[in-house]
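As a starting point, one isolated chain is supplied in structure tokens, in the form predicted alone.
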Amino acid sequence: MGRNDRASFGSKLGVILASAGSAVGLGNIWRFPFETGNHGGAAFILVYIGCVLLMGIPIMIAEFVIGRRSRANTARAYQILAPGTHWRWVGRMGVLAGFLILSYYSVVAGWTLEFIGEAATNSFAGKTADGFIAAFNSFTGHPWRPALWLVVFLLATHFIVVRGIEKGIERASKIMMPMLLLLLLILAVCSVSLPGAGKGIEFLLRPDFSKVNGDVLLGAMGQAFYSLSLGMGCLCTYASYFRNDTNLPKTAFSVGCIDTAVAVLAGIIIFPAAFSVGIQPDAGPSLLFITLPNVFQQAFGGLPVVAVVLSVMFYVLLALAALTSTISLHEVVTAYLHEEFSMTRNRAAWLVTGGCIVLGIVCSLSLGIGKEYTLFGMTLFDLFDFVTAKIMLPAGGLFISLFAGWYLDKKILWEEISNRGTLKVSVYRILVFILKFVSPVAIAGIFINELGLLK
């Protein structure tokens, strides 16, 4: 396939919703409230929004520039823009990161399908807090049930990706993203209407700046980086399908706003509901599958039908958020195999799906019957999470910033950001300054902090 006949998104709305879908995921719904709860509530949110504006959106624009200018998968993009240099390894690292993340992320994504069934059959009714923990541990430790849902989720992802850009990814995004936002709004309204929910709203909206310190700043930067899916090749790959008239700064800003809105709405759902029943939402990943079922049961247990409906809606919401992310991760690797090895799109997609099923099942088993087998003191699931989230993604973001800020011809950067001079971009010089100086220092701080070298 040549660069000129490359597939593209069919509409501006499709571009924004697909890109936002790539960014929006489970991290918005469990990680953001968790980080907010641990770092001062509203003060953290304000710092986080600042990090999105000052670091996240500029790096996103840089990924968009690299992807659209090259009209290629994320690995070939650097070979086109920096031929004969070692920059090609940045793109290849993004492809590998996407594959590894898809493998273990699909394990958790599969759990959402199990919990949709649990919620629909009212299995949460009558359980104590210890009962929820025991049920969750029993499920994740089961030899084949989590693997079954993992396969179902990856096949659903595969079905959408194999249909192509406009008929598959764009069409699915136009359906799923509005559904996701509607479910968020309904659940948020229900949560804030609970007795005692005011404490949660106050915690979420009234900042306490006395709690803002270096740890909060690093936490907010790390969350912005994680939430926007920077450094894993998704946004670069999607940008290669953008049309020439796509406004890159406006698209990046829109994606940042949608992603942040989803995260804040998740906080509005979780904090008031948790505070209303006296539960602190600081349980990390288990928040979704242990703490929140307990919250739903305590908050709405007196109204069984309401409890069932809202619980089902919440886990459908999680499944949609996970699916929009797995689609983009799958596309990163599928596009690479399709273009670099001259495979049909169908064959490339099947190779990705099959490989992720195998690795995903091994990751799933490492949380159950295989948990005694570790590498560097971690299960395979935890190892994949550590290597990608704490090493590969920050390194990828750092190199993207350095590439766009220092290596890439500024004429190319200007042409792409301004659509060859047809758009007025008053913040261009500020953007270049951020990419050259601010972002590298900030990401280096995240990198050092995530590795625990500051402690």
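For every residue, the number given is its place in the sequence shown, counted from 1. Just so we're clear, the structure is a prediction, and the values are computed from it rather than from any experiment.
Just so you know, the form predicted together with 4-fluoro-L-phenylalanine (PFF) exists too; it's not on screen, but the next bit is about it.
Listed residue (392, 408, 26, 43) with a non-hydrogen atom within 4.5 angstroms of 4-fluoro-L-phenylalanine (PFF) in the predicted bound form: Of the candidates 392, 408, 26, 43, 26 is the one lying within 4.5 Å of 4-fluoro-L-phenylalanine (PFF) in the predicted bound form.
- request: Using heavy atoms only and a 4.5 Å cut-off, determine which of 101, 108, 299, 317 is in contact with 4-fluoro-L-phenylalanine (PFF) in the predicted bound form.
  value: Here the answer is residue option 101.
- request: Work out which of the listed stretches, 137-145, 220-228, 237-245, 363-371, brings a heavy atom within 4.5 angstroms of 4-fluoro-L-phenylalanine (PFF) in the predicted bound form.
  value: Answer to the contact question: 220-228.
- prompt: Quick one: is residue 180 in contact with 4-fluoro-L-phenylalanine (PFF) in the predicted bound form, heavy atoms, 4.5 Å cut-off?
  reply: No, residue 180 is distant from the partner.
message: Check residue 22 for me: does it contact 4-fluoro-L-phenylalanine (PFF) in the predicted bound form (non-hydrogen atoms, 4.5 angstroms)?
response: Although 4-fluoro-L-phenylalanine (PFF) is absent here, residue 22 would touch it in the predicted bound form, with heavy atoms inside 4.5 Å.
message: Would you classify residue 329 as touching 4-fluoro-L-phenylalanine (PFF) in the predicted bound form, given a 4.5 Å non-hydrogen atom cut-off?
response: Judged by the heavy-atom cut-off of 4.5 Å, residue 329 is in contact with 4-fluoro-L-phenylalanine (PFF) in the predicted bound form.
query: Is residue 325 close enough to touch 4-fluoro-L-phenylalanine (PFF) in the predicted bound form, meaning at least one heavy atom pair within 4.5 Å?
result: Answer yes; at least one heavy atom of residue 325 falls within 4.5 Å of 4-fluoro-L-phenylalanine (PFF) in the predicted bound form.
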